[in-house]
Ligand SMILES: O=C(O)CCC(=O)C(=O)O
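So this first bit is one chain, no partners, the form predicted on its own, shown in structure tokens.
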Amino acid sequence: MHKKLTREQIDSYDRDGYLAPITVFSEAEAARLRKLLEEAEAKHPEALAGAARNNAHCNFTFLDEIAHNPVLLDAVEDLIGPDVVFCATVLFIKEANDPGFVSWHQDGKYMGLEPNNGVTVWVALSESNEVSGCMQVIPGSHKQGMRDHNDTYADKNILTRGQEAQGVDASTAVSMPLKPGQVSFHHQSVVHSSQPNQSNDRRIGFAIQTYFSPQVKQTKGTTFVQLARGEDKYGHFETAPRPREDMNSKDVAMRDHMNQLWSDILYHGTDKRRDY
């Protein structure tokens, strides 16, 4: 018995490596979450800029609330099973008329998580469409293994290394537009990208990278996780606490520690780093 998704939706994800759109939050709830985010940006700008956009769920209860939302986790459970952990979150924010873009890449290329079968969730807190730079995906590419990536460090490329997957046929791409409150799911091996925001509003996405089974191992360093559902029978990871209030000093220190470890993993093998 499936909890959120239909058999057809699960089969579609298995075949294509992505599923969208799925409504998890109402538009009113998405508006509330966006308001909380923008209030937090105004009050704590240093906590939501640059590298601090990584793992901000450790510092803000409303972001923690998204990552542990039971309806969202029902869908994740339908895709990967009842025992679920996640290791990181990222706020992907493109300002109005922002030239920033995300090149074709695979999430799992640099994460060090093996086997590579987790699911990344992307939650829209504003309109995400082809004008504002919604995500695009290459269907079925998750079944073709990890591709070679070139690290470009391009100025407007908002990925860590500006990494670009090789051999991508962009003519096969499919767009994944989302309304506020809708969610997309994509396999961490699927090839995807997004274009600049040419709209007059911010494009705000909150990505959980990535939900996976506790039996997965980290091969490049140390990763903290939070248990999202079920139980961890393996103990491969340290567990990060959930925040009980916003910007608690101990939680901020934990976020900084997690971000340093995560940076060491994502930039493994290179001496060149950026502030995200």
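The model shown is predicted, which means the values in this text are computed figures rather than measured ones. Start at 1 and count along the sequence shown; that's the residue number.
What comes next is about the form predicted in complex with the ligand, which is not displayed.
In the model of the complex, the ligand sits beyond 4.5 Å of every heavy atom of residue 182.
Residue contact with the ligand in the model of the complex: residue 160 places no heavy atom within 4.5 Å of it. Although the partner is absent here, residue 197 is not a contact residue: none of its heavy atoms lies within 4.5 angstroms of the ligand in the model of the complex. The ligand is not shown here, and in the model of the complex it never comes within 4.5 Å of any heavy atom of residue 85. The stretch in contact with the ligand in the model of the complex, judged by heavy atoms within 4.5 Å, is 189-197, chosen from 189-197, 77-85, 145-153, 160-168. Of the candidates 247, 31, 49, 207, 207 is the one whose heavy atoms come within 4.5 Å of the ligand in the model of the complex; the others do not. Just one of 89, 120, 126, 116 comes within 4.5 Å of the ligand in the model of the complex, counting any heavy atom, and that one is 120. Contact with the ligand in the model of the complex holds for all three of 94, 102 and 107, each having a heavy atom within 4.5 Å. Along 245-261, not one residue places a heavy atom within 4.5 Å of the ligand in the model of the complex.
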